[in-house]
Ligand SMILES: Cc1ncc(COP(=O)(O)O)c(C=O)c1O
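Just one chain is shown here, as structure tokens, and it is the form predicted alone.
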């Protein structure tokens, strides 16, 4: 069907190129004009399976009628008021709801609402440093915490993000994230249950040689490394970080911007390992498609933060809060966490079965609807970044939208409403494209 628009896709793309910086990289040459459920449409009415979901954001799909109604209803009442000016019910209700979902004792804590995941990360670091009076933060290689100068100092997944930039936030030290498929310590391809454990020794050495434990304000970690490749760590990783923080008096910050709100089959990924952070940074899906971030923290930490220590003009915008609250309600009523587990496992099974005839497929990994499919050459090395980007462009032309993660992995992070039948249709297209490209990518 044709979508009413004054522009063709080509016209929109050319207008964009004329005024928008090329710093905004586009994975595909698709011009998006409409979304419905798991699908998006271009100006000519072509339909695409959205396996990116606004980069792990649209949990209940595009333009869900209930979310649209919640946005419209709130817009009729109060679009913006600013939390510094007065109290707003959507702000309070959003924090209350997020706390009820958080693992104990974080569920007895307090929160603050912001505009994005990156802003939430910077707020979490600011809180940790302010309350502990310490200056150092331990972060991980393969991590992604955002692109602003503060969050970027924590990000360790690509030197490209730091190119030509100096004087980022000081007081940050990086250590390797456990990557058992491509071990940083040279131990070859393993699975997390056979991890060499050298990451633990590296952290200890860092605390002995570079960062005195008395100066350590926080350890910040993605429970599953997102941009770094959807890396699922060994089972003792997060508990070990919790123990280090308890021993040194540092705070454990979980960056759940991408993993949070049901994507892994739990409300928060830390629940898979029974670990509760002191501070949690949230973003992406919590706004139901609108800009919203949040920080949840222990009550004693939040209460020790003095008035006017932090703020945000638009953080906790009432329209975004209503969209987020309605999204959470739909997820609860429709059992979308269980669906994420079942459909995610089915997707992984499909790709693992295809490895027998498609050696281009390396490791398949993830949790819930957070799935990575590594693409490798004949020697088992990652195909080039340019090559995987070309694969993604071909997939877009074939009707499936997605992004990459890690050196050479396809990143599947679709809406959590994805059915098994829809997943099969999308995977069929992906496998067909990979088969057609296999010889030139070897």
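Positions refer to the first chain, counted from 1. Note that the structure is a prediction, hence the values are computed from the model and not measured.
The discussion below concerns the form predicted in complex with the ligand, not included here.
Although the partner is absent here, residue 257 lies within 4.5 Å of the ligand in the model of the complex, judged by heavy atoms. Among residues of the shown chain, residue 146 is one whose heavy atoms approach the ligand to within 4.5 Å in the model of the complex.
In the model of the complex, at least one heavy atom of residue 222 sits within 4.5 Å of a heavy atom of the ligand. Proximity of residue 117 to the ligand in the model of the complex: non-hydrogen atoms within 4.5 Å are present.
For the candidate set 372, 286, 296, 121, a heavy atom within 4.5 Å of the ligand in the model of the complex is found for exactly one residue, namely 121. Contact with the ligand, judged by heavy atoms within 4.5 Å in the model of the complex, is confined among 300 to 308, 176 to 184, 257 to 265, 98 to 106 to 257 to 265.
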